[in-house]
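In the form predicted alone, a lone chain appears below as structure tokens.
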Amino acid sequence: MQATKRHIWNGVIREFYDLLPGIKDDSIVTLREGNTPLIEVLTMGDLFGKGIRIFLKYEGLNPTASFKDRGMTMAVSKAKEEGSHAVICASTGNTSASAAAYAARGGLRAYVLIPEGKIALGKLSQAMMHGATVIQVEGNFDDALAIVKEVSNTYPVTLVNSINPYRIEGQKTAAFEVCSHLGYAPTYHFLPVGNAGNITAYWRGYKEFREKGIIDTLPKMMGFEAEGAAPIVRGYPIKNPETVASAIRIGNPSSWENAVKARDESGGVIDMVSDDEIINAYKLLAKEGVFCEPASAASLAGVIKMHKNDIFKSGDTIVCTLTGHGLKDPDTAIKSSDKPVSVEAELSKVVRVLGF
């Protein structure tokens, strides 16, 4: 029997090499990130009616379980190519996990600054296990980011937050995949907005595909901040942002200007959703069989909010980016779910609870 010839996915740099800044092959640091599934929503017909299709770009299936890996492979590979021996970042969680993993893979040191007590344990455990030096600062993400900027400007260490231009370059590959999987560009693309690098990156990716004639149309970019951390919507930085969606608990986004540009150029919106709306969407996604972290659900919460404003029409295709896996924040999942029922190990008692 002859073996079937198959293509093994090689990570976003090699798969989209001609569409990214050049990196020498022996400097590429990859965990074969990307190629995440586009999952069509099946169980929400009663909520949205017929005529529109909703797809979930499930970025929680990247190697460190978030979309950050797309940009981190680029940032760490470029750092290695340029002779850097260490990387540094500020993080609410996912960036730290990704930076630590890719640094370990590439043989670089990783330094991570996080807001004390403001990071989900699933993410903190990743950074620690991958060997990063983790420092908790008595402040918020924006305080931590200001410090790492100064450190990287003064000492021989490469900053890998999304202000690093290679991060955005890597993240735009998700837009390439959406178009490749659908065969066309969606009508709307909904995303959570925290530091605002992702909405910036997707818009760049869509525009580049349009310029190359691969797609004929561009989506409207629909970004959603959490109500307690909504500086773009409110028009000023939020000093002490608060939301259950820890991944977007950011008061002064690094990519603020570019996010607004993506909104305006695409004819989209940047709006906000409440924590209650986020948790409701989080639970709806779980019923779809998809477990994401709370911040991810801001995208679907945005779809629900816009549906109430009656903006969609029959034939529209909507893509929601789900930025991270639900196991990133198990505490919120447990708090949001029914508690297990305890019974004695007797068949009759178990059957009674089961309702048979």
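Residue numbers run from 1 along the displayed sequence. These numbers come from a predicted model, not from an experiment.
This next part talks about the form predicted in complex with a small molecule, which is not shown.
- Although the partner is absent from this view, Val273 stays clear of the small molecule in the predicted complex, with no non-hydrogen atom inside 4.5 angstroms.
- At a distance threshold of 4.5 angstroms between non-hydrogen atoms, Ala196 is in contact with the small molecule in the predicted complex.
- In the predicted complex, Ala295 approaches the small molecule with a heavy atom inside 4.5 Å.
- The small molecule in the predicted complex is not approached by Thr73, whose heavy atoms all lie more than 4.5 angstroms from it.
- Listed stretches are 214-222, 265-273, 99-107, 196-204; the contact stretch with the small molecule in the predicted complex is 196-204, by a heavy atom cutoff of 4.5 Å.
- Proximity to the small molecule in the predicted complex, defined as a heavy atom within 4.5 Å, singles out one entry of Ile278, Ile88, Ala247, Leu285, which is Ala247.
- Not one of Tyr58, Gly122 and Gly326 comes within 4.5 Å of the small molecule in the predicted complex, counting any heavy atom.
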